[in-house]
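Starting off, we have a lone chain in the form predicted on its own, written out as structure tokens.
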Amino acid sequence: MERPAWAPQGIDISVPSVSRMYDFYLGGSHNFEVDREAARKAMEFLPGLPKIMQANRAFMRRAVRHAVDIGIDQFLDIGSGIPTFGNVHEVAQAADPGAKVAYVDHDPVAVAHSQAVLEGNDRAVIAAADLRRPEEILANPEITGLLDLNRPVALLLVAVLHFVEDADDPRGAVAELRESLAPGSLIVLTHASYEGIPLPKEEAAGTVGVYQNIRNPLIMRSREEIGQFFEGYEMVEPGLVSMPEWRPDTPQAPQQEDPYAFSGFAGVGRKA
């Protein structure tokens, strides 16, 4: 297999990567045939996957703008993936040029691409760390060198918690991160769920099988289970809703959305 010039050395490009599959769904170019193959297979069961990803990104951008509007200028994006167009630092720094963004991912591909994209931006960094080990994130010198955790931070956990199995205690990790955040901080979260998918669960489950096969289990949780991640936060209006319903840019926006965009849930919480 031909190794593209942008592919970081030491990365096995014969194994699909969740972040490169996500990049493919969003129409990006940082993916290999092995990723496209796995993504196409997932789309056989769930043809609306690109729509779901687009709704996810659109929600993330609205949530980042909301954070800037209420005076937050620091962002910690865990499970950030490959920084495709319109990412957190672009949205935040367009609204507030002083905004600082720390990205975190455990995928070496995502980290290497992020380093290339962020070169020359002294208000954005990428750290290699894993959500399942929050203490390493909080002690990472890249992050502590950029963000002041004694001031409010927007913590982004966008489309990442559904890749953490219950055995790895995702709730404990989210609680540990919350404890280290200053009052006034936000949590911005999206999560996959069978609820809202315009297909019978049995059909949608085929996609879950594809992720299982590439050793990246996709954990579908109920709205109630997803709500538990917001423990210790006050929900920001309109609460935990489908992605297009969270503060749409125009009142009629949700009506115009593809039915797949309503798959899963999104919410923002504020630490008192």
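Residue numbers here begin at 1 and follow the sequence given. Being a predicted model, the structure only gives us computed values, none of them experimental.
There is another form of the same protein, the form predicted in complex with a small molecule; it is not shown, and what comes next is about it.
- For the chain shown alone, P134 is not a contact residue for the small molecule in the predicted complex, no non-hydrogen atom being within 4.5 angstroms.
- The small molecule is not shown here, and in the predicted complex it never comes within 4.5 Å of any heavy atom of A261.
- Although the partner is absent here, E142 lies well away from the small molecule in the predicted complex, with no heavy atom inside 4.5 Å.
- The shortest heavy atom separation between A159 and the small molecule in the predicted complex is within 4.5 Å.
- Only one of 178-186, 197-205, 145-153, 124-132 lies within 4.5 Å of the small molecule in the predicted complex by heavy atoms, and it is 124-132.
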